[in-house]
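Take a look at this single chain in C-alpha cells; it is the form predicted alone.
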Amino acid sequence: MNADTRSLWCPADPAPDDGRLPADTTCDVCVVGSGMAGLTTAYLLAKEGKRVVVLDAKPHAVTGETERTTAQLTWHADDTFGDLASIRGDDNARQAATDHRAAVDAIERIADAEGIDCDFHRVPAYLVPGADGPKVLDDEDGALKRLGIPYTRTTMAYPGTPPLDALRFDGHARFHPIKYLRGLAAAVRKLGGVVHVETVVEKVRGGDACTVTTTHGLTVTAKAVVVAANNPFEGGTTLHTKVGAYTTYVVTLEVPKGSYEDAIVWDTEDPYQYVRFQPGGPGDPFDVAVVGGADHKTGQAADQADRWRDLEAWTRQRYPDAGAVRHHWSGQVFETADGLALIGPAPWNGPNVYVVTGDSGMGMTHGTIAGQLLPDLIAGRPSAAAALYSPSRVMPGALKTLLAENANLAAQYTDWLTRGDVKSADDIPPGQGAIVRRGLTKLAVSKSAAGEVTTLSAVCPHMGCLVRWNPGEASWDCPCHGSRFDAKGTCLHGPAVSNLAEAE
C-alpha cells in the first residue's frame, strides 16, 4: 500500500518471529496466517500443549488486514440482530450475541494473563439513526426485546447535533490490535510454538497427515491445518460463492484529550458510519477519533479520495472542534450473507483442514471466536458454536443476498469484452495506472511519479479476473475475489498466492 495510507496501528518495531521457514518440518497443528484468528488459535492450541507452527507470507508477522482494522471490539451484530434472526433464526441470533460477548471477555482475559499492555478499555456503544430515519432502530429495538439481548433505549448527542434516539449496549471495548497481537506472538513462542514469515503457502492437502506446501519448495506435515489467511486461497467455488470482498475506509482526526465520552457510535445507514476514540500516547496533547465507513465492493470504485473526504466531513459536522487529519487508510472486509464468519472444517482438500474467513466487519471478535472454537473441533470436543459458523452451512433465508453477490461476481468477467481504460501508457498521468488492451489480452500499466512505466498482465492469477487500478492505495485490485497487488505486481493480499505476471 501507499506509505501515505499507513494506519494508526503501524508499529515502529515488528512482532517477534522466527524468520523464513528454513526446512521441512512436522508439528501437531500448522496455522496459516498471523492475524487475529491465526495467532489466537495458535496461542490457545499451544496452551493445550500442542506443537504449533505459524506461517505468514508477509516480511513480518501481524502486518496483514489486522493492521488496517479500526479495532473496535463490538459484540453487537455488524448488520443487526433482527436481520440475523430473520436469516438464521432466534436461537442462532442469541448464540451469536453470547459468542461475541465472550470473545471480548476472552481478549481482556488473555491480555491480563500474558501481561499485554494493549490499551484495552471497556466502553459503551450506541446505535443511532442515520439519514434513513428511525425505522431500522425501531425494528432492532423490537428484535432485541424478543431475543432477550441486553440493551437500553436512551438518547445520545454528538457535540454538533441535537440529541438522537439511541440504543445503548454495555460491555463493548477498544484496544490497540497490534500491541495485543505482538504480545500473542511472543506468548506463542514462549509456549514452544514458532512463527515463520516470508513463507507463502500455495497448497494444503488434508488427511491423517496433512501437508502444507510453500512456494519455495518446503513442506510442513501436521496432524491438522488451520487456514486463517483472511480470504483463503484454494477455496474453490464453494467458499468464494459464500463471501464477498469489500473495501472499507478510515480516517483519524485529532480531538481535545478527554473531551468526549469514550464510546463507540454507529448509525443505521447502508453503508454505515461509525466512530470510536483512541487515547494519544505519552506526551500527545490529543486523542484521535477513529472514523470508518464508505464501503464498496473491492475493485469496483475509483473515488477513494472522495470517500476519505466524505468521512472527514461527516466527522466535522458532528464534532466541530475536531482538528487535523492524522491518518487515512483502507482495509478489506469479507462479508457473508448472514454476517457471521465461516469457521470450521474446510469444504475442500480432505479431513483435518480448517478454515476461517468471512469476518463481516467483526474481525476482532470473529477471530477470537475462531481461536476458541477450532481447538475444540481439532480435539473432537463438542461445541455449541460449531453449526452456527460452519463453512458448509445452508442459509435459505439469505438466498436473495447470495444470488446478488454472485451475479455481481460473474459480471466482473465481462471486462474481457471491453476496451482498455486508455489507448497507451502515454495517456496515463504520473502516479497513476490504467488498463490497456493489446490484441486479445489486457495489460495493467502504471506510471511512477518520476515517469517510470511498469507493464504487467492484468489477469489475476487466482481465477482469471481482470484487476483494476486503485488510485487511493496505488494498487491493482481484483473485483472478483479481493486479491490485491502493488504497482510492481507483488501480491499484497490473497486469495492469490502469486504476483501479477510480467507482460509478454
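Keep in mind that this is a model prediction, so the values were computed, not measured. Sequential numbering from 1, following the sequence displayed.
One more form of this protein exists, namely the form predicted together with a small molecule; it is left out here, but the text below deals with it.
Interface residue remark: Q72 is counted as part of the site for the small molecule in the model of the complex, having a heavy atom within 4.5 Å. In the model of the complex, the small molecule stays beyond 4.5 Å of every heavy atom belonging to D338.
None of the heavy atoms of G193 is located within 4.5 Å of the small molecule in the model of the complex. Interface residue remark: F277 is not counted as part of the site for the small molecule in the model of the complex, having no heavy atom within 4.5 Å. With the partner omitted here, the residue from L456, A57, A474, C27 that has a non-hydrogen atom within 4.5 angstroms of the small molecule in the model of the complex is A57. Residue-level contacts in the model of the complex: of V201, A77, L253, I378, one residue has a heavy atom within 4.5 Å of the small molecule, and it is V201. Only one segment in the set 431 to 439, 28 to 36, 445 to 453, 45 to 53 has residues whose heavy atoms sit within 4.5 Å of the small molecule in the model of the complex; it is 28 to 36.
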